[in-house]
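The form predicted on its own is given below as one chain in structure tokens.
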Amino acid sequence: MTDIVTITLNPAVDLSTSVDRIQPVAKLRGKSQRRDPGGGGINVARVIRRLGGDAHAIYPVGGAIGGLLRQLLDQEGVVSQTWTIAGETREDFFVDEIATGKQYRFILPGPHLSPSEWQHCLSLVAAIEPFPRLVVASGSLLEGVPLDFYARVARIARQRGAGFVLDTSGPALAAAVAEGVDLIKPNLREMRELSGSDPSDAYEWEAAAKALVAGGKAGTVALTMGHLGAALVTRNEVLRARPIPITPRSAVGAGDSFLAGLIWRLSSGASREDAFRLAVAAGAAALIHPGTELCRIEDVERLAAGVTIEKA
């Protein structure tokens, strides 16, 4: 078994195209067509693979779309561990409008999971041998899954002596940090919901992250702040990164790419500063390509050279 396992409860096949202009009624003829495997933990595993690492992806599959999802991941060389569910795996739809450069993102609802289906995922994780050093859960929960699902995963990881990393939002995130998480990666909206505050600048956002760490809710907070850059907050250190000057073309998978770069480098024994630099570069690299492509390693390496890290 690999050192890193990712969990995705709500995976998808992402379909992307581009049209001249989006308008009602008229037939909008796509200029391209691309399908990629999607979902938070799946994207993390894909990017780790591209960066030269190895991560196994655990996720449910249902129907024809589920079979396609597994096939697409196999083609990328990502090792999968799946279980079959009654519902159909979702398919999301992304459209780039050429005339304006805007991207439209249509996120479809996923299937309902029965108690036996979501409990099977917990059983799969608990039975992994040898157990990985790091369990990464990312993405939303499906209908039917209890809000403390990620807290239960955190408990399993802790009992097996592994680190637990989480990237989700809302009540599921709140329940998990109440249990205790080694690393979370919130954006500004998620941090606002989690902290119950509304900071006005990067320093106040960092203070909210420090409060979570000081309260024992998270060992590390990797906070992505859009135009304000990013911060990596631990009990003893705060690292800040300015945003890289790029022209974004797609927002798909930027946070997943950031998280993948961070945990892969940390798991490889790199310093927090080096890992944070690669994370910022990977997140930016995902933004510069249209559709659902995620980041390319050559772009990550090029952009990493321009990342400025400051210590608080």
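Since this is a predicted model, take the numbers as computed values, not measurements. Residues carry their position along the shown sequence, with the first being 1.
What comes next is about the form predicted in complex with a small molecule, which does not appear here.
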Discussion item. Is it true that Y59, C121 and S140, all three, sit within 4.5 Å of the small molecule in the predicted bound form, judged by heavy atoms?
Written reply: no
Worksheet item: Quick one: which of 200 to 208, 143 to 151, 229 to 237, 67 to 75 gets within 4.5 Å of the small molecule in the predicted bound form, going by heavy atoms?
Response: 229 to 237
Worksheet, complete the sentence: Among N187, T82, Q103, T220, just one has a heavy atom within 4.5 Å of the small molecule in the predicted bound form, namely N187
Worksheet item: For V280, is any heavy atom within 4.5 Å of the small molecule in the predicted bound form, or not?
Response: yes
Worksheet item: If you check in the predicted bound form, is T224 within 4.5 Å of the small molecule, heavy atoms only?
Response: yes
Worksheet item: Does at least one non-hydrogen atom of L287 fall within 4.5 angstroms of the small molecule in the predicted bound form?
Response: yes
Worksheet item: Quick one: is I246 in contact with the small molecule in the predicted bound form, heavy atoms, 4.5 Å cut-off?
Response: yes
